[in-house]
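Just one chain is shown here, as structure tokens, and it is the form predicted on its own.
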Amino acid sequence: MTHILSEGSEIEIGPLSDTSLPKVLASYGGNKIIIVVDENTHDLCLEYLITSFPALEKSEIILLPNGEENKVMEVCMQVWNAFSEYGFSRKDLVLNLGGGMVTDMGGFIASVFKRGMDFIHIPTSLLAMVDAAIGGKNGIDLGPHKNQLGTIVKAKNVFIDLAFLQTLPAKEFYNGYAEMLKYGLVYDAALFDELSKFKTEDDFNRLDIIEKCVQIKVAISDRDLFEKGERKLLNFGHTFGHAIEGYRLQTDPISHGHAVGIGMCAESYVSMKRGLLSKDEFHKLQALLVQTYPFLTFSEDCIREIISLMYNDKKNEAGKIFSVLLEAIGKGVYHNELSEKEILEALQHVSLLAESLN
């Protein structure tokens, strides 16, 4: 069992039965416990949780619909209305059981209702374990704009049990892999080298690697909770990635990790073109991304729409688009203004790559 203390939050990594979860649930005494799930975790994870922990037998279950298109205010309003009907108070506890969408949305719902209820996360996807459940970012989308509404409030506890990874389809591992690669690329070259050796889904079930990613996220987010400086590094791949994801949401949705994988290639391309990142390192990481994620082609009209979405990115300042770039594998630099010409060229490069692979 690994304990990682994050200011205002406690993270435990290991079998759920060995964690302090029973003690945490008992501390809420006569108060209600609400379990937030989506359709997947309702079917695959909920029964195990309720049968293993008697304190949860009388829990209220809130079921969120699957899919990024449901990570919206309309669904939150339905949940808040249900909270009111059930008579939940701010002393009650929300337990979010699910992947990144459930932890993002459940944390937002809890942190806003009656000006803030306590909540804990039990992440069930690789993405949620290494990224979404940690660091206090909670949020929902506004149209095609990712995570435009949200709060920064940490879960009281995060319980990471790798057994839940067995419930995931193979493609879901690559959703979390993008965030793991990001940590290596901006912060820890040795981690990137280790991750680049992954060949099968079994490789993702690595306790040491997951712990390393969690420690990086905790260290950076604790030093800069409200993203005034260093935490911006964790947006690597996301300036392009969120815009690509938002654009595709309207037609043929792709996963967050897939979009960030392409975004990391685009931002690395800009880094290389500016002379920050060596050509050798760029080609090394591009080769890994290309073999991991299906690259997409973008028409000029697509690119124009993606750029307009980038102007709405929450990291922008004074109407300018900012991004994280790389000086080397393992060393990211934040707060770099991008020109439309650079964005266009990077997306054209991604498109040409995609065409060459087909």
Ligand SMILES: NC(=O)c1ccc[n+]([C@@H]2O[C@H](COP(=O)([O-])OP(=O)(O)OC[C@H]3O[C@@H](n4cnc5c(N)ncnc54)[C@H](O)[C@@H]3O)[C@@H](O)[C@H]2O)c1
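Just so it is clear, the structure is predicted and the values come from calculations on it, not from any experiment. Start at 1 with the first residue shown and count on from there.
What comes next is about the form predicted together with this ligand, which is not displayed.
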- Note on the structure: From Leu181, Met264, Val94, Val102: within 4.5 Å of this ligand in the predicted complex by heavy atoms is Val102
- Position in contact with this ligand when the complex is considered in the predicted complex, options Ser196, Gln215, Ser278, Asn147, heavy atoms within 4.5 Å: Asn147
- Sort through 123-131, 106-114, 206-214, 184-192 and report the only stretch with a non-hydrogen atom within 4.5 Å of this ligand in the predicted complex. 123-131
- Item | Site check Glu230, Phe236 and Leu326: each within 4.5 Å of this ligand in the predicted complex by heavy atom | no
- Message: When the contact criterion is heavy atoms within 4.5 Å, does Asp118 count as touching this ligand in the predicted complex?
- Response: no
- Is Asn157 close enough to this ligand in the predicted complex to count, meaning some heavy atom within 4.5 Å? no
- Query: Does this ligand come within 4.5 Å of any heavy atom of Pro169 in the predicted complex?
  - Reply: yes
- Could you tell me if Phe88 has a non-hydrogen atom within 4.5 Å of this ligand in the predicted complex? no
- Query: For 63-91: residues with a non-hydrogen atom within 4.5 angstroms of this ligand in the predicted complex?
  - Reply: Asn66, Glu68, Lys71
